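One chain comes next, on its own, written out as structure tokens in the form predicted on its own.
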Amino acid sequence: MTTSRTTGEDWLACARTRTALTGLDGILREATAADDALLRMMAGHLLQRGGKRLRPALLLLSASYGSYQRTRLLRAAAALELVHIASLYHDDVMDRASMRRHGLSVNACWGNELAALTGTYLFARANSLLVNLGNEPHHVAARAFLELCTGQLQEVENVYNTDLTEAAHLEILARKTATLFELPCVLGALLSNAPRRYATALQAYGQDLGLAFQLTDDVLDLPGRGRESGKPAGTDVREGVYCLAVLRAVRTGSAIAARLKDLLGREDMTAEQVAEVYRLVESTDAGSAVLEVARSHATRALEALQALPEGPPRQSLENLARHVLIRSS
């Protein structure tokens, strides 16, 4: 459920960050230039489609509250983008997804085994970029990667689990998705030696922003919401990965909930049954309730930014959080 298709270009009001990001693609190409031609092709499969480069931008914006060496910072930014891409490769293998960013996924093109190996290769390449940044940044990133992997494992452990509590579900999202929003904010502050009060604010911002983005995406990706998610409708429900709206609908205690319990938890759901699940969920107020949770996290992200001085970097971060508020309204 990791997300990247989340916002347009106009949120980034910091010209310095825009300029710095122009140097990112060259580092990414160099980092994925494997000797093996097939590995090079698979590693660059999603990178060649672009993307929002959201995590590199968050890192650069967070570094604006200290002083930094641009090339060093771009290596860290490239590493985080590689980790993000690697997590998408692993997600698609676990979900058996055939589409990603409105094109074929790596596993659809070359199979699950090669896709998983390529994801691991990208993690390794990211680590090689991070290791030269010093012990503390490398340790911070390593701890975050452990959180990410733990979240992915917990999601797999809870497939088809309609009894998963909301707190446990949010913990998985915090580890699996919000970690990759929080880490760039933490690393940017660390690599620029930003004051601790700014680093603390940025860390809180990243965590709440990540949760707000994922919760909003999960609701907007429900079939019938009118948004193209880039993967076949119903994939998550068929694979037993239930978003918070589905889990909330199951807990309504109504006849709808009873029917949902009867449908969910099956590994052989038909297309008609999947469609019925989504119709039942949409007939409740679960989607609206989850969007309210997303708005609360976006609001908390905005509140965290009050500790930062005003200027283009803060304006950019605020724009991103307000974008979630608009999408969830």
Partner chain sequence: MDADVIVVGAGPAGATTAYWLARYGRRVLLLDRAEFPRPKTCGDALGPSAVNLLQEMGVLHRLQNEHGDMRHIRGTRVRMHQRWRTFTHERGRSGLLVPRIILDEAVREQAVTAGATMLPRTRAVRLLRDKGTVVGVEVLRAGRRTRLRAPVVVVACGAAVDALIPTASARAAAGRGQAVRGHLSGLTGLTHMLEIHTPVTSPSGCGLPPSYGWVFPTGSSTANAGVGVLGPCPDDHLTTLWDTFVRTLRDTDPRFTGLRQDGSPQSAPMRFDFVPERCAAPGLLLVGDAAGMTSPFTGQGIGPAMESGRLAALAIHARLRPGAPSAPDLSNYIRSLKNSYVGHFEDGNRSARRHLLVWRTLHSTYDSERPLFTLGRQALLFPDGFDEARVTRVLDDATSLLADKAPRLRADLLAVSEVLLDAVRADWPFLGRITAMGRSMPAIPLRPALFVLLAGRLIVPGRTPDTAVLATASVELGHLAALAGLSVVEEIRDGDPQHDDKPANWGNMLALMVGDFLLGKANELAARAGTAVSRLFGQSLATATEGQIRHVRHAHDLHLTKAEHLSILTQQTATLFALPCKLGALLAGATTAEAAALEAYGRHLGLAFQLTEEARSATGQPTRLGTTLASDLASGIFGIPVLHVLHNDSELSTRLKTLIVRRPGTNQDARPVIRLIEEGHGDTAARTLASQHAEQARAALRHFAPGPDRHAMERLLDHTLRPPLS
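The structure displayed is predicted, hence computed values, not measured ones. Numbering follows the first chain given and starts at 1. Rigid core here is just the name for the largest C-alpha set that superposes within 1.5 Å across the two forms.
Keep in mind that the form predicted together with its partner chain is missing from the display, and what follows is about it.
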Could you tell me which of 214-222, 191-199, 122-130, 245-253 sits within 4.5 Å of its partner chain in the model of the complex, going by non-hydrogen atoms?
122-130
Tell me, out of A174, M99, L117, A204, which residue has a non-hydrogen atom within 4.5 angstroms of its partner chain in the model of the complex.
L117
My question is simply whether N112 lines the interface with its partner chain in the model of the complex - judged by any non-hydrogen atom within 4.5 Å.
yes
How about R49: is it within 4.5 Å of its partner chain in the model of the complex, going by heavy atoms?
no
With the cut-off set at 4.5 Å between non-hydrogen atoms, does R29 touch its partner chain in the model of the complex?
no
Does its partner chain come within 4.5 Å of any heavy atom of D36 in the model of the complex?
yes
Joint contact, S67, E292 and A307 to its partner chain in the model of the complex, by non-hydrogen atom at 4.5 Å
no
Residues in 155-180 close to its partner chain in the model of the complex, defined by a heavy atom within 4.5 Å, in order
V156, E157, N158, V159, Y160, N161
Note yes or no: does the Cα of L114 move by 2 Å or more between the shown form and the other one after the core is superposed?
yes
Core-superposed C-alpha of M94 shifting 2 Å or more between the shown form and the other one
yes
